[in-house]
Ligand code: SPD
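Here's a solo chain for you in structure tokens, the form predicted on its own.
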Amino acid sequence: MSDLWESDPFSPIGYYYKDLTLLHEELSDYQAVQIYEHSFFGRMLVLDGVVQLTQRDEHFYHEMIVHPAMHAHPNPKQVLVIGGGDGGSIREVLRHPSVEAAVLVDIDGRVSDVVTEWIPSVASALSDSRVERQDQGGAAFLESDQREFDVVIIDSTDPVGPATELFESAFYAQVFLRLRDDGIVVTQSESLHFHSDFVRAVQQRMAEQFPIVDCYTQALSTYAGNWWTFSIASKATDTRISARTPIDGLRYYDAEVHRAAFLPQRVLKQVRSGTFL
């Protein structure tokens, strides 16, 4: 047994996990990749000392980063996931029968391989014939690939190191160009408790490109700050409204969750004005 002190460079606190069993450890070209077993959380993916997902609660994150955007779009066929090498977001995307193709772009292909081996319930859809994997940075992919998408999901790690570029204005400008006329983009945008200034910055940068920008939240037990935000933007669609009946088989997301997840307009104005916290 071992213990893990999680020291998140983007958070003012750390988390302590006790009585872990280390199942796998390696140093990829980009980061330290570890798989632990925990008596409560089950298997855990840890990158550079920061917990990315656990078997017990990963469905809350993956369902909520994917399904509000996918359900707000009337007919998503071509989907791009940037980051998300663990495969959880791709798994949720492919639950939608309308999806014809999903491109997964992650700079570190080893994450997909390791999670496929050790947490296959998360990576189960990576072998689907509709999935195309691209092991490169998200910004580089958007600059070089001219395909258009209905939905873009940015399932990034914290905005440090290589992930920083996925939250910059120039990146959102590239996303705008790769979205169809009714396209939607969503990104994880950190904790409302600890990173309200960062959430405000993401909202502002998205609004430089998109006419419709919004924000919804989800409680996540293993992410520092716990009150997690997802910033969502659209070229034409009010993302607070689900365009379709929720698909079957989900553990958490449904139409009621969709409506309740979005910040009240009064609170959203406070976040954007910097007066929330």
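Each residue number is its position in the shown sequence, starting from 1. Here the structure is a predicted model, which means the values were calculated and not measured.
Form predicted in complex with the ligand: not shown, discussed below.
Of the heavy atoms in residue 156, some are within 4.5 Å of the ligand in the predicted complex.
Within this chain, residue 52 lines the site of the ligand in the predicted complex, having a heavy atom no more than 4.5 Å away. Using a 4.5 Å cutoff between non-hydrogen atoms, residue 86 counts as a contact of the ligand in the predicted complex. Using a 4.5 angstroms limit between non-hydrogen atoms, residue 36 is distant from the ligand in the predicted complex. Candidate site formed by 8, 62 and 223: every one of these residues places a non-hydrogen atom within 4.5 angstroms of the ligand in the predicted complex. Just one listed stretch, out of 200 to 208, 172 to 180, 130 to 138, 148 to 156, contacts the ligand in the predicted complex at the 4.5 Å heavy atom level, and that stretch is 148 to 156.
Applying a 4.5 Å heavy atom cutoff to the ligand in the predicted complex picks out 188 as the lone residue from 185 to 212.
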